Ligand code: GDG
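As a starting point, one isolated chain is supplied in C-alpha cells, in the form predicted alone.
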Amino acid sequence: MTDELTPTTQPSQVSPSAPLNRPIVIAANRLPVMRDDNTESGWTASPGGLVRALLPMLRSSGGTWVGWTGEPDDNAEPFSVDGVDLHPVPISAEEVLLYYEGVSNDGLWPLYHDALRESTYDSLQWNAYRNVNERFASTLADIAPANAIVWIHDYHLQLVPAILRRLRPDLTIGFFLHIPFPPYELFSRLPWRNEIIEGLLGCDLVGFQRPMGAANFAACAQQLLEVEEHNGVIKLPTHHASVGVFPISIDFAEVEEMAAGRATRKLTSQIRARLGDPEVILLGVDRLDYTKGIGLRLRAFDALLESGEIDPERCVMVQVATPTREAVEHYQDERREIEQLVGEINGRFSRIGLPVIHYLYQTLSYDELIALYRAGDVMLVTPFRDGMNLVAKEYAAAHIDGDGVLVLSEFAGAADELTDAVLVNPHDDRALQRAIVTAVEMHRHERRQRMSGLRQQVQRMDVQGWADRFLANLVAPNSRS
C-alpha cells in the first residue's frame, strides 16, 4: 500500500450542495458548549471552527450533539442551547485519568504523532477507554432517530462506530479523524490495534486530513484483518466502508470580518507599540504540546541571534503557548523545557524593558488572537507532525493587508494546501534557520504574492465546505453500496 490512495470519496466527486433531509447526530469527546454563569442558559458556545461549522447545520436539521461536559462526575441532564439539543455523556474522575489522560493522550496521541514520546499501554486504561466508548455508542443508539446520520469525531471514540452498527444497523455512520493516522510499523505497536481497526470499519465513511493518513489506515486494515480495499472502498459482510480525504478548514469570512474591525485594528497597533515598534514581529501560537515544535523554533531563533543573522534590535518573537493536558507528565516536561529556553534566550539577548521573546502561557480570546495574527509579520508553524494546523489558515485569513509570511512545517496537514508558505523540514535545524531568515528578509513583492495565494486557497476551501463535502460523500450511493 502506498501514499497514493485515491479514495472513491474524494471531495470533488460529490456535490456539497446535495440536500440531506435527514436528522444528524454529532458525537465528540466534548460538547460544543462550556459552562458560563453570565448567560441565561448557563452555557456558551465553545470556541473553534468545528463548533462554528456544525452548530448551524444541527439547528437547521433539528440534530443533536452528544459529548462530555468537561467536568468529571457531571450527571447533567439533556438540554438545549440556541436551538441545538445537547446530550451529555457522564465521565467519572477515574475515567478522566484512565480513558482521557491515559489511553487517549498518553497512549494514542504520541503514537499517532510519529511516536514522538513513548506511549503508555495499560490494560486498566484500555478497559476504561472501551467502557466510555460503549457508553457513547449506547447513548447514540438510544437517541438517534430512525435512519439518522451519525457523525463521530476523533481518536477518543474509535470503538464507537462498530458498537453502534451492531446496536443500530439502520444508521448511516461517519467518522472523522482530526489527527494523523500512523503507518503500520507504528500502529502495530498498539496492543489493541485490531479492536481500533474493527471499530473504525463500523463506519460507512472514515475521513482523514491527508492522503497519507487514509493510505495508512487502509494498509493497517489489510495487514491486520486481511480485508480487501479497492479504490478506497473496503467490502465487509454487512456493509462497505469507504475511506476518504477531507482536509478541515476555518470560517474564512468570519476571521476576515474580525480582522477588519475597528477594535482589532486598534489592538493590533497597541500590540506593536507594546513590543517597542519592532521592524519584524515573529509569531508562534500553539497549544503547549510536544508535537508543535516550539522548542525547535526557539533554538533556531537563538542560533540566529547568536550568529548575528537576526538583529534583536530589529526583530522580536511572540510565543503564545496555550495550556493543555497539564496533568500529563509529558506536557509538564515540555512546559519546563520551553520556559527554561525562553529565560536563557532573553537573558542573553534582551535589553532593559525590551525582551527579545515575549512568552505567554495562557489562553487568549479569539479577538486577541486575530489582532496578534495581524501584528505578526512572520508566522512560525513548525510542528513535528500535525493533522492540519488551523493556526496557519487563520493567519492567512487575518492578513487582510495582503502582507506577511508563513513559515510552515512540511509535516502539518496544511502544507498540502498552503504551498505558498515557506515550507520547511523542522527536524533540520539549519533549514529551519534559513527559512526564518528567508521570511524575515523577503521582498515585499514576494510577500504579497505568496500571501495572495494563501488567502485564495483558504477562502476557496473553508470549513463549511469541508462539512458539506464530508456529509455529501457519507450519504452518496457509492459509500452505501
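In this text, all values refer to a predicted model and were calculated from it rather than measured experimentally. Numbers follow the displayed sequence, beginning with 1.
Keep in mind the form predicted together with this ligand is missing from the figure; the text below concerns it.
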property	result
Contact residue in the predicted complex, from Arg272, Lys235, Arg265, Arg287 (heavy atom within 4.5 Å of this ligand)	Arg287
Heavy atom within 4.5 Å of this ligand in the predicted complex - residue from Val342, Leu201, Leu369, Val328	Leu369
4.5 Å heavy atom contact, Thr322 to this ligand in the predicted complex	yes
Gly387 within 4.5 Å of this ligand in the predicted complex, heavy atoms	yes
Interface membership of Arg297, this ligand in the predicted complex, 4.5 Å heavy atom rule	no
Residue contact check: Val227 to this ligand in the predicted complex, 4.5 Å heavy atom	no
Complete contact of Ile179, Lys292 and Tyr373 with this ligand in the predicted complex (any heavy atom, 4.5 Å)	yes
Stretch in contact in the predicted complex with this ligand, which is absent here, among 345 to 353, 391 to 399, 144 to 152, 82 to 90 (heavy atoms within 4.5 Å)	391 to 399
Residues within 4.5 Å of this ligand in the predicted complex, restricted to 126 to 158 and counted by heavy atom	none
